[in-house]
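Before any questions on binding or motion, here is one chain by itself as structure tokens, the form predicted alone.
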């Protein structure tokens, strides 16, 4: 990935999950519908690539717009095993700095 894009660990994806569901929901639904219609993984590669492209672009934008808040939330999520309840302060700061 690019230099300013955070590594897509589970903590990064969990931290950005609300943003991902909002910004990449259409692409994700198309991918899931494809998978539901045809279990052959090759049939849904294009839809999967669109989801990946959307998420990577979104993460890059978030990292450029509010890197400190995103990093703090991600570090908390990583430290506490992706438990949102233990990172509410960091989550609030992140959502304030980068509203959905």
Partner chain sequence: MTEVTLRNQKGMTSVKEMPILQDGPPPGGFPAVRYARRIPNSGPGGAAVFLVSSLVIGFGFYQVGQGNIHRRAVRAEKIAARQAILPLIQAEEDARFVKELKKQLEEEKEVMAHVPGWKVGENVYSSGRWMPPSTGKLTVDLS
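Keep in mind the model is a prediction, meaning the values are calculated, not measured. Residue numbers count along the first chain shown, from 1.
FYI, the form predicted in complex with the partner chain isn't displayed, but the following is about it.
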Exercise. Heavy atom to heavy atom, is residue 76 within 4.5 Å of the partner chain in the model of the complex?
Worked result: no
Exercise. According to a 4.5 angstroms non-hydrogen atom cut-off, is residue 65 in contact with the partner chain in the model of the complex?
Worked result: no
Exercise. Should residue 18 be classed as touching the partner chain in the model of the complex when contacts are defined as heavy atoms within 4.5 Å?
Worked result: yes
Exercise. Quick one: is residue 70 in contact with the partner chain in the model of the complex, heavy atoms, 4.5 Å cut-off?
Worked result: no
Exercise. Counting only heavy atoms, which residues in 33 to 72 are within 4.5 Å of the partner chain in the model of the complex?
Worked result: 35, 38, 39, 40, 41, 42, 45, 48, 51, 52, 55
